[in-house]
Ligand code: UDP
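Consider the single chain below, provided in structure tokens and representing the form predicted on its own.
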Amino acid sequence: MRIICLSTPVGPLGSGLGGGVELTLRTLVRGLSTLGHTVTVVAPVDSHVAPTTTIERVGGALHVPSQTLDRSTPPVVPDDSVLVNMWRRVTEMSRSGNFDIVLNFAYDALPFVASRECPIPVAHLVSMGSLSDEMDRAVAMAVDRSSRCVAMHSHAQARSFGREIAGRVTVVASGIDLSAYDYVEAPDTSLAFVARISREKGVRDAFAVATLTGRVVNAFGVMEDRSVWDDAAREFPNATVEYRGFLTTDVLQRELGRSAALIMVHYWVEAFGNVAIEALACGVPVITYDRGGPAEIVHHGRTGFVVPPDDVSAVAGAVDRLGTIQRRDCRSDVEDRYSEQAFAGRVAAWLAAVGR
């Protein structure tokens, strides 16, 4: 297949503003290319991908991430929207006869609603759970036209859109390039928190866990909302939480691999949680709330622990049980289920069905 990938409009690829979507897109581009497919990425200006990847960089104003808006607030389309400009470029390319399908990564109503105008099929890989009424309507509209054209990363993510939608979409999970992650057998005692620094990611609970366990928590990610960090630091003055910034995958995996565990204490429904499989690939157990995709990734008691949502005491209790986890089992599980090749194979099969 000859595939056009429409990137997220919230930031350039490589900036970290797109969160897990960036890693997902890069992984799929490599994996699909290895399977013999041709992939061209349409993304905002200043985006960076592998040198071997064809990319069309498009200018325009970036969009506000959907998770920062109230559910009933329609997403604001800025003047000179980069998404409008990217979609225009995608439709131009699709008329050339050189492409077979569009793979949309943008969590925005425009590609869903406008896909019927595109002369080639459009497949939507939804990156987040239900966050806005407008997006719910857009996803439902796409599913009604063709249930094949929508895929999601986890069953929990799909259920957030309602039982009817959950029963009609394709679940493809995710994957990573395992060669980019080093297995670490002997960690230190620190815990890792890897996420955008924002309210829905549970920054407050990361500080609470640091206080309850007496362990250092190293936080990695884009500082999206400094006030959230400052509020947590004031509430938990005895917590040792070190902000380490947004790191490239190569540097992050080295830092992550030294951790005794990754804690995922998110307040929202994580669509999947790529960082969970990144941690497991390094041999790092994952302790997660039973909310969203991470709870489907972790084998409780074998590759980590799944604890009740919002129960920081349960997270701290799981930290005390980390000695029962064999780190080699964490790596083996990712090799079995979440390799780049396995993920690309699932997505390629889905795209073939959409294109029929």
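A residue's number is simply how far along the shown sequence it sits, counting from 1. From a predicted model like this one, the values you see are computed outputs, not experimental measurements.
There is another form of this protein, the form predicted together with the named molecule, and it is not shown here; the text below is about that form.
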query: Contact flag, G221 vs the named molecule in the predicted complex, heavy atom cut 4.5 Å; finding: yes
query: The named molecule contact at V84 in the predicted complex, heavy atom, 4.5 Å; finding: no
query: Close approach of G11 to the named molecule in the predicted complex, 4.5 Å, heavy atom; finding: no
query: Partner proximity in the predicted complex: L247 to the named molecule, non-hydrogen atom cutoff 4.5 Å; finding: yes
query: The unique member of V90, L103, V194, V203 whose heavy atoms fall within 4.5 Å of the named molecule in the predicted complex; finding: V194
query: The unique member of F161, F99, W268, W229 whose heavy atoms fall within 4.5 Å of the named molecule in the predicted complex; finding: W268
query: Options 107-115, 238-246, 135-143, 206-214; stretch whose heavy atom lies within 4.5 Å of the named molecule in the predicted complex; finding: 238-246
query: Residues from 267-291 in contact with the named molecule (non-hydrogen atom within 4.5 Å) in the predicted complex; finding: W268, E270, G273, N274, V275, E278
